[in-house]
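Consider the single chain below, provided in structure tokens and representing the form predicted alone.
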């Protein structure tokens, strides 16, 4: 049986501008997206009989056709034709529904892994076209570099090189529905969007672009997000912000030691998810 194991990294949003609501119900966005090395591990094995199985065993992650990784495998098996199937095992390290893109990253890894196993030879651009039909963030993980994402997230432009940073991720475990956040977002008649700097020489330069329109909905409903941000800043973060629609908060740090000290101070005796990672 042919098999491949891939790491599927999480992402954070350095910037998330919601520009307008589209006629199709989606929103036009402007985001700066950054991968971090907190990763799920995906093992894909081709089988001799049709059918797809997904093994994860994590609450909130479906094992069948409701799983975005299942849909990714199905899309490429249909392209390949034949009678093969796939077994997909997902070791989940990225929290579920956390604003970190775990499901989208898993799907992107499955697309890339199945492309290799099935020897389809599809270029990344074609995989990205397939991926955006599964989820708006999927193309970013196939793009594999820090990106300005526009449209619904599928129009990607490589950002200038950014310095590496240590990232503290803290998820307080509250449930935030992405659909609820967007449905409650009050879009104002925006003026000109802030210009992005052409160069980034320090972690402070990265933090200078921090903005997330979705915080205006999520923080009033879940004040703990603001409390975590404030605590990160008091404990050495150069900048701190909610990622995506939340509830995960991330802080950028100059060194690992300061990030680890902040993690200990913030989580204390709580059962919150917290991890220190590096940017990719």
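Because the structure is a prediction, the values reported are computed rather than measured. Residue numbers count along the first chain shown, from 1.
Below: the form predicted together with ligand ATP, not depicted.
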Item to check | Segment that reaches ligand ATP in the model of the complex - one of 163 to 171, 197 to 205, 91 to 99, 144 to 152, heavy atoms within 4.5 Å | outcome: 91 to 99
Next on the checklist: Taking ligand ATP as it sits in the model of the complex, is residue 220 near enough to touch it, meaning that at least one heavy atom pair lies within 4.5 angstroms?
Outcome noted: no
Checklist entry - Does ligand ATP come within 4.5 Å of any heavy atom of residue 252 in the model of the complex? => result no
Next on the checklist: Would you classify residue 66 as touching ligand ATP in the model of the complex, given a 4.5 Å non-hydrogen atom cut-off?
Outcome noted: yes
Item to check | Interface membership of residue 109, ligand ATP in the model of the complex, 4.5 Å heavy atom rule | outcome: no
Next on the checklist: Within 4.5 Å, heavy atoms only, which of 178, 84, 184, 74 is in contact with ligand ATP in the model of the complex?
Outcome noted: 178
Checklist entry - Of the residues 226, 233, 61, 211, which one places a heavy atom within 4.5 Å of ligand ATP in the model of the complex? => result 61
Next on the checklist: With ligand ATP taken in the model of the complex, which residues across 1 to 28 come within 4.5 angstroms through any non-hydrogen atom?
Outcome noted: 11
